[in-house]
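Okay, so here's just one chain, in structure tokens, the form predicted on its own.
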């Protein structure tokens, strides 16, 4: 198996908890170095994973012994550092959302395509086995024809000072929680969905959106109703309503590796609860990242990244609350 040498830009919790252990478990990767803005933090973090500590993100990008980078930095820092990573000739796996706006994403995708580099958004959930389990039930006709997709992802407020509340760092629920529900819509209805209506609710003191919802429609006319938030009762699910039944995935986005997610099938004559296989979606997406680099199969990932950003931008443009505010003024 071809070995890809990888570096990490930043010392985020998700990197330590889930992504770096997954990198270390895959034979096709060699974790070379971890960078932080300070030498002390880089050394403390890198020592946990037997990697070299590097002071400064640029210093890591300038290394010739690194083929790819994993970027767990907040979205607000992506435009600068993803551009610099591409300029340095590195393949990129970046945390979601990949860009603050469509213009930034479009420029990044264009640059990646011109350089023949993989730019991939870390939507790990889509590589979990439970979604293949759901698709198999649908293909067997268990719910008939799909009539509606619904998804909710939200949680109670984070502690004050969390980066998700920082506008300068690309904060807000749309680029965070909403991104999952929008991606899940595409997983089952396709990339050609369009936003028809949306609403975003802002915390005026913080200057970021904290909850919202949207209505999307596929080219085939199938609707998707999605909702999200940072000030909500916890939800992490999707529901697929069909002509003869309904499927519910209760832990759609964040099942830990040892969990067998529950899938509920409801029909007029029965209600069945399945336990889908437990799986590690962090390992699975890294295997896809490796495969796409080795096989130079980057086009679909660039297309998916651009489509996701376009839809998030469209939610903003369709925000009824914002339009009403502009109309009043």
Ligand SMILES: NC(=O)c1ccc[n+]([C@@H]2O[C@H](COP(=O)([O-])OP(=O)(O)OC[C@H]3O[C@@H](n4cnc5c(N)ncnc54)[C@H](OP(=O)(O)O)[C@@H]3O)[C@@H](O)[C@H]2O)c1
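The model shown is predicted, which means the values in this text are computed figures rather than measured ones. Residue numbers count along the first chain shown, from 1.
Although it is not shown, the form predicted in complex with the named molecule is what the next lines describe.
Comment: 160-168 is the region of 185-193, 160-168, 204-212, 239-247 lying near the named molecule in the model of the complex, near meaning a non-hydrogen atom within 4.5 Å.
Though the partner is left out of this view, residue 174 does not reach within 4.5 Å of the named molecule in the model of the complex, counting heavy atoms only. Although the partner is absent here, residue 301 sits far enough away that none of its heavy atoms falls within 4.5 Å of the named molecule in the model of the complex. Of the heavy atoms in residue 84, none are within 4.5 Å of the named molecule in the model of the complex. Taking the partner from elsewhere, residue 79 is found to have every heavy atom lying beyond 4.5 Å of the named molecule in the model of the complex. A heavy atom within 4.5 Å of the named molecule in the model of the complex is found for exactly one of 251, 126, 96, 150: 96. Residue 73 is the only one of 118, 73, 222, 143 with a heavy atom lying within 4.5 Å of the named molecule in the model of the complex. For the candidate spot formed by 103, 289 and 310, no residue has a non-hydrogen atom within 4.5 angstroms of the named molecule in the model of the complex. Shown here without the named molecule, the chain has only 282 in 273-309 lying with a heavy atom within 4.5 Å of that partner in the model of the complex.
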